[in-house]
Ligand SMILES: CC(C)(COP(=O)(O)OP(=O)(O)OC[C@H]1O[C@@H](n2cnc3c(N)ncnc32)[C@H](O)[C@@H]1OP(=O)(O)O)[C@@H](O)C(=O)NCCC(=O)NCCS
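Encoded as structure tokens, the following chain is the form predicted alone, with no partner shown.
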């Protein structure tokens, strides 16, 4: 089964081995690592390689995972967006990370809306989707708001951080953004 989600400007498809190098480069950027890496600092290449391998493996274990986000026009890899639920996670999340060189173009909300539509189609009994966001990450909070999520007041502790859970309930979300 081939999964391909198209939005106005983007293509989302499951991550594949060819995406490991651009993913490593994205995550080694200090602006990206600030909210997505332990200690807020870029990790070494080997750690990011292992992280990318876990994203590929997530597809094998769960049958879903982060999508690579590609620009339709150029085919360039611009980030990862989509469902994520490793062991111990509070619920099924839609996460996002766009390469810093592509920030400000609206790619994260555009891709996240496509991904959440896919998630709700794939999981018809799923009542809500969450996003786990660092309380200081105002850019991610803005994306969450654009895709209809609100801060729930729930906290998830991870890597010694207290992270906010943002969420959207299925039916209102589908009424606003569904296909």
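Since this is a predicted model, take the numbers as computed values, not measurements. Positions refer to the first chain, counted from 1.
What follows is about the form predicted in complex with this ligand, which we do not show.
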### Task
Evaluate residue 56 for contact with this ligand in the predicted bound form, applying a 4.5 angstroms cut-off between non-hydrogen atoms, and reply yes or no.
no
### Task
With heavy atoms only and a cut-off of 4.5 Å, decide whether residue 72 touches this ligand in the predicted bound form.
no
### Task
Report whether the minimum heavy atom distance between residue 106 and this ligand in the predicted bound form is within 4.5 Å.
yes
### Query
Would residue 112 count as a contact of this ligand in the predicted bound form, using a 4.5 angstroms cut-off between non-hydrogen atoms?
no
### Message
Just to confirm the contact call: exactly one of 150-158, 56-64, 118-126, 31-39 touches this ligand in the predicted bound form at a 4.5 Å heavy atom cutoff, so which is it?
### Response
31-39
### Query
Taking this ligand in the predicted bound form, which residues along 131-150 bring a heavy atom to within 4.5 Å of it?
132, 133, 137, 139, 140, 142, 143, 146
